[in-house]
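Just the one chain here, laid out as structure tokens, in the form predicted on its own.
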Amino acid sequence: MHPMEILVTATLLFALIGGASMFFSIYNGLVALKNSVGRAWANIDVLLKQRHDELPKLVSTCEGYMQHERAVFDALSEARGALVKAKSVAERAHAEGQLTQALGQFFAVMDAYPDLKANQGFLQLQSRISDLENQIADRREYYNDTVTTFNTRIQQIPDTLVAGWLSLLPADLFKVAEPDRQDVQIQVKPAA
């Protein structure tokens, strides 16, 4: 074999191995990111379920004290119903915004009920739900960071070529709808 043929063969073999290594590296990185997006959403979902389970306890603890606040309880109930029906990330984000707003109204109204604020069961539930809200906010931020990284990678060259081959589509960010950004309007009806 001629030295030039050996050089050309070695160069082609090196390019082939390098190209295959790069393909597998990109492929594995994109699969890992896709799974991270799914895991981040599942972590949010766990916390949402915990909050969803705590709300009936909170409502039942408060109903005896807040008999004149039916609208607040109805808003919580409607928001929980919307959350159950939501399927996509955008629908869940909107329903979560409604629930967060309803909880804000609920906690603001309860300030007019000193007996309720002194109830140990209520205080524990309020603390638990506030803690869950903080954890959900942290997980939403992590989810959006992961989605942004994933979406950026599948749009960059050479990753976009592998992403196209895998049929990877951009993931949705967890966005708050504009109406859910508005301040909560509270109308307190003091206990009789």
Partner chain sequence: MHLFSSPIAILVPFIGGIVLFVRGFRGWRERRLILNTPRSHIRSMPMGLVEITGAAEPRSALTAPFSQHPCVFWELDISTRNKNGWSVVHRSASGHPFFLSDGTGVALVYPEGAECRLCPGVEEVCTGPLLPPCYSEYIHDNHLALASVWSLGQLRFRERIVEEQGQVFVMGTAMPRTHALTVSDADAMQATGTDGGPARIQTLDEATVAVMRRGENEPTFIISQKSERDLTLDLGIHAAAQLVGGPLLTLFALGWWLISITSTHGLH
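Positions refer to the first chain, counted from 1. Between two forms, the rigid core is the largest collection of C-alphas that superpose within 1.5 Å. Worth saying up front: this structure is predicted, and the values here are computed from it rather than measured.
Another form, the form predicted together with its partner chain, is not on view; read the next lines as being about it.
None of the heavy atoms of L173 is located within 4.5 Å of its partner chain in the predicted bound form.
Although the partner is absent from this view, I129 stays clear of its partner chain in the predicted bound form, with no non-hydrogen atom inside 4.5 angstroms. Residue contact check for I26: one or more of its heavy atoms lie within 4.5 Å of its partner chain in the predicted bound form. Contact check for E54: no non-hydrogen atom falls within 4.5 Å of its partner chain in the predicted bound form. Between the options L48, M66, L33, V59, the residue in contact with its partner chain in the predicted bound form by a heavy atom within 4.5 angstroms is L33. Contacts with its partner chain in the predicted bound form, taken as any heavy atom within 4.5 Å, map within 148 to 162 to T149, R153, D159. Positional change of S25 between this form and the one not shown stays under 2 Å at the C-alpha, relative to the superposed core. When two forms of a protein are overlaid on their rigid core, residues whose CA moves 2 Å or more are considered shifted, and L12 is one of them between this form and the one not shown.
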